[in-house]
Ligand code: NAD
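As structure tokens, one chain now follows by itself in the form predicted on its own.
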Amino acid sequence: MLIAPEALIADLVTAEDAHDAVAACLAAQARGAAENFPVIRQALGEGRQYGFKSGIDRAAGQMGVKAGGYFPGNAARGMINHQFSVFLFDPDSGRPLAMVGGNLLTALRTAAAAAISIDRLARPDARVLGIVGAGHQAGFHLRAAARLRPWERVIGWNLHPEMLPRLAAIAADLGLPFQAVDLPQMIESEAIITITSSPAASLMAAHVRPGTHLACMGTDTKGKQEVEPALVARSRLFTDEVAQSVSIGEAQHAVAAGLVRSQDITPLGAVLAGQAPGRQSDQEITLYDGTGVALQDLAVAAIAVARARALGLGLTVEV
């Protein structure tokens, strides 16, 4: 079994790798060649979340599980709040193949999924990007979105506005003007990424104008809520995994209120595979509920393992 620790991942997997891997596994899901297993998620109190996401991609020959969660007290420990490890197994024998540091991989694959949704669902003329949230993953989302669209400016909001200068610095590095705004000003956006761990809605229907694309990417668990149910109900809905969207994703509250049905939600993979249409008018609001699926973690972890083996990196142990 190969152990590829977190310290190696930045040299093994690029953002472009993550984009290609996420797009491929979303399409594989739509074709029925890959599936995610039910998520196990447990609240530990004080905002901490711990759980497991697992799945199998028969087309790619990948099977495994990601373990970890969200620990908001980690800043005081000098660590990021998201802590994950990915374990890969041989899908035929069950033999363990690798243990891979999953923190950077999670940020890369989450940002890649949001960017793919923007690329396929936002209006072609979208030029103003809004970001709700300024935590660790927000910068990855800004960079991923900037690789695919010629944005003219970026606007951002965070519950703790003192965190926004970090996002502004990344925008400056990308050559993009950045403005910190109040939530009502998000209505100026033509695409919005929400990347928070909020249990109460921040973005309201009044903050979003017709024709906007939303990528709701924050921590998914029971009770999570980044946008109000009325906005979800007003949108044409897409997701990575319908079962997760209605149980732990952004659609859960709208479904519970009877505003949305699971059959109203289209897998983004079906759009990528040519099985379903994407945006159908310049005026409709599209919403991608990125719940974060195991298949994406396995896909990027497999890249890390293949590169580590090719370069002679990591630690190999007998199991």
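Numbering starts at 1 and follows the sequence shown. Because the structure is predicted, anything quoted here is derived from the model rather than measured.
Separately, the form predicted together with nicotinamide-adenine-dinucleotide exists; it is not shown, and the next lines address it.
| Selected contact from 128, 230, 180, 163, since only one has a non-hydrogen atom within 4.5 angstroms of nicotinamide-adenine-dinucleotide in the predicted bound form | Among 128, 230, 180, 163, a heavy atom within 4.5 Å of nicotinamide-adenine-dinucleotide in the predicted bound form occurs only for 163.
| Is the gap between residue 169 and nicotinamide-adenine-dinucleotide in the predicted bound form 4.5 Å or less for some heavy atom pair? | Because no heavy atom of residue 169 falls inside 4.5 Å of nicotinamide-adenine-dinucleotide in the predicted bound form, the answer is no.
| Is residue 197 close enough to nicotinamide-adenine-dinucleotide in the predicted bound form to count, meaning some heavy atom within 4.5 Å? | Contact with nicotinamide-adenine-dinucleotide, yes.
| Just to confirm, residue 217 within 4.5 Å of nicotinamide-adenine-dinucleotide in the predicted bound form by heavy atoms? | Residue-level check for residue 217: yes, a contact with nicotinamide-adenine-dinucleotide.
| query | Contact between residue 134 and nicotinamide-adenine-dinucleotide in the predicted bound form at 4.5 Å, heavy atoms? | reply | Although nicotinamide-adenine-dinucleotide is absent here, residue 134 would touch it in the predicted bound form, with heavy atoms inside 4.5 Å.
| Stretch in contact, per heavy atom within 4.5 angstroms of nicotinamide-adenine-dinucleotide in the predicted bound form, of 77 to 85, 118 to 126, 148 to 156, 204 to 212 | Result of the contact check: 77 to 85.
| query | For 103 to 131: residues with a non-hydrogen atom within 4.5 angstroms of nicotinamide-adenine-dinucleotide in the predicted bound form? | reply | Counting only heavy atoms within 4.5 Å of nicotinamide-adenine-dinucleotide in the predicted bound form, the contacting residues of 103 to 131 are 106, 109, 110.
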